[in-house]
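Only one chain is given next, in structure tokens, and it is the form predicted on its own.
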Amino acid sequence: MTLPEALLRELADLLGDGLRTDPGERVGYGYDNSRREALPDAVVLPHARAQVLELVRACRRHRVPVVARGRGTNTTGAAVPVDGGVVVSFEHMDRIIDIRPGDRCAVVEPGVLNGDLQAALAPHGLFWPPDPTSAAFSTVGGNLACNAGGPRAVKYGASRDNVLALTAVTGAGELITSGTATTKGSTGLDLHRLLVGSEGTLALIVEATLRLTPAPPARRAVRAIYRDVSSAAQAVARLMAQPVTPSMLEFMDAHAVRLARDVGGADLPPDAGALLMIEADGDAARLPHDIEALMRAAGGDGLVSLDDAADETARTRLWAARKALSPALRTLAPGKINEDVVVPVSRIPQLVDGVQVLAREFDLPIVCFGHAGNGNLHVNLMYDPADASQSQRAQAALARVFALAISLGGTLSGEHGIGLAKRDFMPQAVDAPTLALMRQVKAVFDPDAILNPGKLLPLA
């Protein structure tokens, strides 16, 4: 679309050099880590919430789409401006406004990098639990928009569990605040938890009050290798049933283990059919007892080996297998579709077995690994994007993976969100009355449907 000249004048007056209209400057804001792309008609870089409020009001008057953007690390196309319009990049709204150790909270703008926030919290002995792979260069606003999680979510929760209050601009051009800087509250509807995970389709977050957690003084890791996925999944169920909650519980299937060993050079036995990386954190005096409890739960039928890392060097060595995996995946195929489906923990074997049936049916390598304690596995479909047949098979296999996860009592995503990639599968995961209610909520927050159109909710 072509933006009205009147709107461009309004934006120029409002933002000055924070308005970008040159195609060469706009192109860098038109894609995310999904590799989808579309050119926005303009890019704006606000410095303050007042500018966000006025630019949304201006875009609403002219019925122009508004797409919020952090650093573009999302993998579902949620930040791609498919209908053109104005991309709002929050890179200049990156202040840590306040850190309040006594209240265990921090107040930040949406453009703050997760990694920068963690560095600022460390001297206070605190951290913010969400730790996606992209933490070093993803923004807090982006983490909140897709409810990012990461390995620590098994113990500490995802983004939605670690936010106390939000200030945001709705699609109606209203500034709203929901929640308080307290860990308890029962005053009306819980709107800030509704906004987390809404992918910028309801409102643009301009300030967040985050729930912080004391940093554990010590941590230790255990690596458990099993003969098959079923044995590993049974161990996961035992681990999550006993009182000591692991701070991380990561899974790798047989294909992932083989890649990490044969390509990545990880020290793993040839009879490894599945692997669990188990980590505990807490008081140094208590930690050996916790590790002992976790090792007992990890034992049982199908266990091949159990290795305890007594110090940081040994811990790093144990994690080498997981770190070797991502580079090793590139040897299978130049393209990868990485989707993060969720199933009940007890259904992990059926998910992994079903995925391998699909791998054989569609003649494509598919590798599973991820956050076993939450039943949140990353299913990696490997293919050559330059091969039309492989691309078609990969998309067909992806649809079947989603159907499989839903049939097992799971759902489409645990931490990546929906965006464009999973939008059309929403009717399989969410019943019609619930989808209708979601659309009604969208209409209240965004009456003219200008905020991130085409994302999350399937087209009516």
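This is a predicted model, so every value here is computed, not measured. Numbering starts at 1 and follows the sequence shown.
The same protein also has a form predicted in complex with another copy of the chain, omitted here; what follows describes it.
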query: Taking the shortest heavy atom distance, is Arg360 within 4.5 Å of another copy of the chain in the predicted complex?
result: no
task: Examine Thr180 and determine whether its closest non-hydrogen atom to another copy of the chain in the predicted complex is within 4.5 angstroms.
output: yes
task: Give a yes/no on whether Pro65 approaches another copy of the chain to within 4.5 Å in the predicted complex, heavy atoms considered.
output: no
message: Is it the case that Ser230, even though its partner is missing from this view, gets within 4.5 Å of another copy of the chain in the predicted complex, heavy atoms only?
response: no
field: Segment that reaches another copy of the chain in the predicted complex - one of 28-36, 387-395, 404-412, 65-73, heavy atoms within 4.5 Å
entry: 404-412
- prompt: Is it the case that Gly417, Met426 and Leu456 all touch another copy of the chain in the predicted complex, with a non-hydrogen atom of each within 4.5 angstroms?
  reply: yes
message: Between Pro217, Pro269, Pro334, Gly265, only one gets a heavy atom within 4.5 angstroms of another copy of the chain in the predicted complex; which residue is that?
response: Pro217
field: Interface residue in the predicted complex among Lys323, His92, Arg330, His289, criterion: non-hydrogen atom within 4.5 angstroms of another copy of the chain
entry: His289
Those residues of 175-196 which, in the predicted complex, come within 4.5 Å of another copy of the chain by heavy atom: Leu175, Ile176, Thr177, Thr180, Ala181, Thr182, Thr183, Lys184, Gly185, Ser186, Thr187, Gly188, Leu189, Asp190, Leu191, Arg193, Leu194
